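A single chain comes next, written as structure tokens; it is the form predicted on its own.
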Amino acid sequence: MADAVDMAIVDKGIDDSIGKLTPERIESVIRRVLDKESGARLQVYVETCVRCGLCAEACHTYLSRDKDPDYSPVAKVKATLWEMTRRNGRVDGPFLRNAARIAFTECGTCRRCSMYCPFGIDIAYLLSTVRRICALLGIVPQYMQDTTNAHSVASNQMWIQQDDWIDALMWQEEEACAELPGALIPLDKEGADVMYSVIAPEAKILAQLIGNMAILMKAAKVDWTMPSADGWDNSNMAMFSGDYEIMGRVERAHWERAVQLRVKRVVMGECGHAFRGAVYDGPKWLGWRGPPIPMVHAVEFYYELLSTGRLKIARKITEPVTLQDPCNIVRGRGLHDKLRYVVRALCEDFRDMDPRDEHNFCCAAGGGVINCGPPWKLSRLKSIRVKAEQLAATKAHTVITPCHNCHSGIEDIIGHYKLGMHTKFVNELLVKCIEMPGS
């Protein structure tokens, strides 16, 4: 059975809202999502699944929870969407509380389970549909809802004001120029080859990553720019809360800014979910065939700069390192080979995980799980023991994590399981290793 401690966790975003719902409201919202927002895809998945359970061994939660069958992907769907469908939306508050707990905190929508389904059922899509229903009913974990509200009010998930955004860029330009003269951060430069896109936590708590990028752009002689106004934050946590209306607003603002600047392409920083939102989920919800301007992830960009010689390596990292494969750019984009090319170019002692590439385990922080906040932290860490064992087996000192959620999630795992490692983004290593112009 599901952990009694987890079942008893209090989250005002879920618990306070459930008491305000009426049976009529619940049924109406579920029927709206199932009948008007979903289609043949959902019906085929629900009717095709034969409950074989082959997805179970693919799930980090199931494996980490001692193979408790309640934590298998098929059980999660059975306890949520299948029951909603079977009952024609006539479910009650306790049912929805359990459904929200499962959909938001026990599934990172990493899609590893779908790789092992004999019918290719996208279980992440099914549980995202549950999140959508919960969002429309107003039952979303409080911390996750706060990030969605921030997107709605401040156009970024960290409540950063416009002048603070500009101040952060000016500060990082000064830092970058102290390291490499001329490493400017051009704002609103029309017609540039590249618009560099970031997520709000960089400006709030990891601003050095923007300064690092200014150094790399200068060293590689890239014609680039960043936007000064709203649209600069592409983190889009509304995509994971189930508020697709806000998700669409975030992506429209981001792409409108890129179109206004007439850039040739957008480089997304080291964030997997932001890339997913900009290239897949956001455009699809907006009814677009795809993004109006090409976008590449930072990993693809680093690979391009290194493989063409625009960035040259002067020294290598000598301590043993391992690598986390972010779900949204490896399973979702197939960047595992390019990522390893970059890591091997930078590091002498690279120790890969087992399994690796698209088979690597999720960090259990992506998909919005880490954004459910402190009430669910210990539950999340219980669900990721298998990742801790995988990390420990490498005996590495550094875990390279080219994704913000992976970075935070791996740091939590290292601390909780006392692994004695530390985490680094790729661009932190690049600025240490590249040959600086004029040196």
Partner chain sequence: MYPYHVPLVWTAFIALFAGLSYRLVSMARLAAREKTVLPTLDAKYGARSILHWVIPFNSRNMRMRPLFTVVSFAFHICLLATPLLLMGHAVLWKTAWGLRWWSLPPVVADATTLVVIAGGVFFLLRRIAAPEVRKVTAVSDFLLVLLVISPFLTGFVARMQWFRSSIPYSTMITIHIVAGALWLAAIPFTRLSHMLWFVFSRAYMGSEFGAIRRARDW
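The structure presented is a predicted model; accordingly, all values stated were derived computationally and were not measured. Residue numbers count along the first chain shown, from 1.
Omitted from view is the form predicted in complex with its partner chain, to which the following refers.
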Candidate spot N236, P375 and K377, all three touching its partner chain in the model of the complex (heavy atom, 4.5 Å): no
Assert contact_stretch over 99 to 107, 333 to 341, 205 to 213, 307 to 315 against its partner chain in the model of the complex, heavy atom within 4.5 Å, equals 333 to 341
Would you classify T48 as touching its partner chain in the model of the complex, given a 4.5 Å non-hydrogen atom cut-off? yes
Proximity of C117 to its partner chain in the model of the complex, heavy atoms at 4.5 Å: yes
- Heavy atom of C52 within 4.5 Å of its partner chain in the model of the complex: yes
Report whether the minimum heavy atom distance between E411 and its partner chain in the model of the complex is within 4.5 Å. no
Across 256 to 270, the residues having a non-hydrogen atom within 4.5 Å of its partner chain in the model of the complex turn out to be none
